[in-house]
Ligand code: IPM
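Just the one chain here, the form predicted on its own, laid out as structure tokens.
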Amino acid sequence: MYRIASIGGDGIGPEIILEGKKVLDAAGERFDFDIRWTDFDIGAERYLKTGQLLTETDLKELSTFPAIYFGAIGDERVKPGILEKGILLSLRFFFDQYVNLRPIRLLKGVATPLAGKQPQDIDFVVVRENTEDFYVGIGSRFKKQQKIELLIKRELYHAKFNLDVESDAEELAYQIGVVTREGARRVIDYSFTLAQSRKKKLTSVDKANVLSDIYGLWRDVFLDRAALHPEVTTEFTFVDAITMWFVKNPEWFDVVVTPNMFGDIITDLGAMIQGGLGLAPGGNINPTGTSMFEPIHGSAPKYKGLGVANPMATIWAGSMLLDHLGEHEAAGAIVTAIEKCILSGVVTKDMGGHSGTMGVGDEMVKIIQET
């Protein structure tokens, strides 16, 4: 029996999580395990009523669960960033979910915008560092009237210049990215372990040719860890180059490991080549702590309560949750059920079908029970 926390969140979140739970329960019945769900009221409604985002009680209770099943966050009544940073990012950081895992896989029956590519051509995984880089929140903005004088180091010219903001700039903003050796090491080690279980090929993404200090450290750590895994073929690619190769030759990749910001960008590209956000799951993983699994799409508030949202990414995220718990057979059965559901034409409007959210969930339950 597994105790799993459930956070529906905002917009379509509660609807798609409901279908996901239904499918996971069906998988549990077939593969002989039970899930005890505990629902948490965390999201925009509570924030608007009480001003609370995440409380100490929330975090203490959530820390007793091995995994969190998360729907979506975001509400047009709340200023952008408040819910996302105060809830979603706070959970990732509090539970030190340093791995963001994103499967990029084209399922049978799904159209890709890449001409001539088939399911066998698009099947790789992106491992994104999830707690460092430019997401650590170190930065600020200064306006002209503040008369701030900044010291800017110009390594290119081996000189230092004083910039008088009042005379030379109306406004200035800066953001500091942070990569630590330990932070890079642990996510790179995770990616090597994953590569060993797949095709033993690992691609590292950086921008060390320009941002040589921060991503030079990333590259140094990758080389250090690669020396311990001679059985894994490794390569480097710059982030701008990999966006081209994802489109031209996605079959080249197997496991890709990337710093936080670059991973945020290239996984959205990955979502599009695998068929869209409705088919894009994600995992926020702490291998020894509480992990969280979610679709990567937003809360789509205009579709709230209409029963038309696509639950497939959420259900696929549920498969990742079960795989993380060690229920590998059940996890595989759910992905197979998603594929069969698509091939049978039981899909929502965004995929060209006429089924509703509940109808897709019901069909997957049926497929799992009958297989």
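Keep in mind it's a predicted model, so treat the numbers as computed, not measured. One-based numbering along the sequence shown.
Keep in mind the form predicted together with the named molecule is missing from the figure; the text below concerns it.
Mind telling me which stretch in 285 to 293, 85 to 93, 207 to 215, 193 to 201 gets its heavy atoms within 4.5 Å of the named molecule in the predicted bound form? Result of the contact check: 85 to 93.
Select from the listed residues 264, 254, 132, 75 the one whose heavy atoms reach within 4.5 Å of the named molecule in the predicted bound form. That would be 264.
Heavy atom within 4.5 Å of the named molecule in the predicted bound form - qualifying residues of 101 to 135: Sequence-ordered list: 102, 128, 135.
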